[in-house]
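As a starting point, one isolated chain is supplied in structure tokens, in the form predicted alone.
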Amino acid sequence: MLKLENIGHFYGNRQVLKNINLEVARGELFGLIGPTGAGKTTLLRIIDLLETPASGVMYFDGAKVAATGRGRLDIRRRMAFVLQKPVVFNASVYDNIAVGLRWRRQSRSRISQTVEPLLEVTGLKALKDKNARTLSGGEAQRVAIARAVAVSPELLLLDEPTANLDPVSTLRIEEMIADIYRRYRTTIIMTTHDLAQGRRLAGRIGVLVNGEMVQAGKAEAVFSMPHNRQVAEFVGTENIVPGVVASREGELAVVDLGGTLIEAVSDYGVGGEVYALIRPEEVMLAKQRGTSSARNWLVGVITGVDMAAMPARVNVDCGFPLVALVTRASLEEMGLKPGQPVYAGFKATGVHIIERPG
């Protein structure tokens, strides 16, 4: 559906996009995640042909997109772009959703057949006659998305669709996007700086940092197996421990983490300088050495317990700092508190090994 090859772009002397390569399949919901200022909105504007990149080539539906000419307008008509700050007209909700169809000179009956189901899908039916300028931010965003979907775009671009919205409105927008995707199978590219949102909605995600696509792939793989420390830190990996591969037998390696040895699945050779990424949800805590299949059991001391969110975050000193996630029930049952000795266990498959640049 969409292919970008070596897309680069500048604002003045500042390079905002660097050699972006990306393919998005027809019928895919692709999440573009990255911190504020990473270049996500600029990339959407280039895809929507609002800007011409300084370098690189874009293909839409298999055809190369020309830098100029009427063909660009024809392609733009096959897309819809919903901005981070929704735009609504001084008219009813119904008329706002219908405006693109009227511009296309659709019949009244055709407009009704399109808009009425969208009012149901977006939860706006009760507001159909209300002036869109009087709506809340979340309601206005739903109107903007419904208006975009009404014209049946082949590619729908959503730029931070829940930015600055309250949790209830955010959940409503997420549910609406998921429902639209299920019903219409529209190809969607959505930007977000909310990692959890990208993980919930997108089948694949790309991580954009400082104008570079540092990793792209299935959402779960990007979060559980980041390619480098930069991605690991952005997706919230908390346990990033430097070490050296001490020995290896087949795919099973022994990694020396500053004097503490662990086993992990890795293809790095002996002597390789690496980071061990240990997901907090993979760490088990026990008062006695566990009898589970976990290959790693380390003796440690609890240095802190954070119960601000559930599951609780428990910090353990195992010769290196280690964070574990523990349910409230387990926390109370074991009576975990700072200063208490504890065993921390995790499987070799719960450790992801990445290269540590020398």
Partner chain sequence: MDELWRGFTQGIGLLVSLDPEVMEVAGRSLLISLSATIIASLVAVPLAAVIHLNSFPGKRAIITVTQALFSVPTVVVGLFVFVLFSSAGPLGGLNLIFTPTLMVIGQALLIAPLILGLAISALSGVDRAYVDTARSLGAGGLQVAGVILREARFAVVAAVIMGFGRAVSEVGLAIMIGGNIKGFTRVITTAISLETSKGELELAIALGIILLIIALVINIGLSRVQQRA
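The shown structure was predicted, so the numbers you read here are calculated from the model rather than taken from an experiment. Numbering follows the first chain given and starts at 1.
The discussion below concerns the form predicted together with its partner chain, not included here.
Trainee: Does any heavy atom of residue 265 come within 4.5 Å of a heavy atom of its partner chain in the predicted bound form?
Mentor: No, no contact at 4.5 Å.
Trainee: Can residue 227 be called a contact residue for its partner chain in the predicted bound form at 4.5 Å between heavy atoms?
Mentor: Answer no; every heavy atom of residue 227 is more than 4.5 Å from its partner chain in the predicted bound form.
Trainee: Just checking whether residue 105 would be counted as a contact of its partner chain in the predicted bound form - the rule being heavy atoms within 4.5 angstroms.
Mentor: Output for residue 105 is yes: heavy atoms within 4.5 Å of its partner chain.
Trainee: Give a yes or no for residue 100: in the predicted bound form, does one of its heavy atoms lie within 4.5 Å of a heavy atom belonging to its partner chain?
Mentor: Yes, residue 100 is a contact residue.
Trainee: Using a 4.5 Å heavy atom cut-off, indicate which stretch of 230 to 238, 160 to 168, 77 to 85, 118 to 126 touches its partner chain in the predicted bound form.
Mentor: Of the stretches listed, the one contacting the partner is 77 to 85.
Trainee: Is its partner chain close enough to 223, 313 and 352 in the predicted bound form that each of the three has a heavy atom within 4.5 Å of it?
Mentor: Contact check failed for every one of 223, 313 and 352.
Trainee: With its partner chain left out of view, choose which of 50, 309, 67, 63 has a non-hydrogen atom within 4.5 angstroms of it in the predicted bound form.
Mentor: The residue from 50, 309, 67, 63 that makes the contact is 50.
Trainee: To verify the annotation, which of these, 90, 288, 136, 113, has a non-hydrogen atom within 4.5 Å of its partner chain in the predicted bound form?
Mentor: Here the answer is residue option 90.
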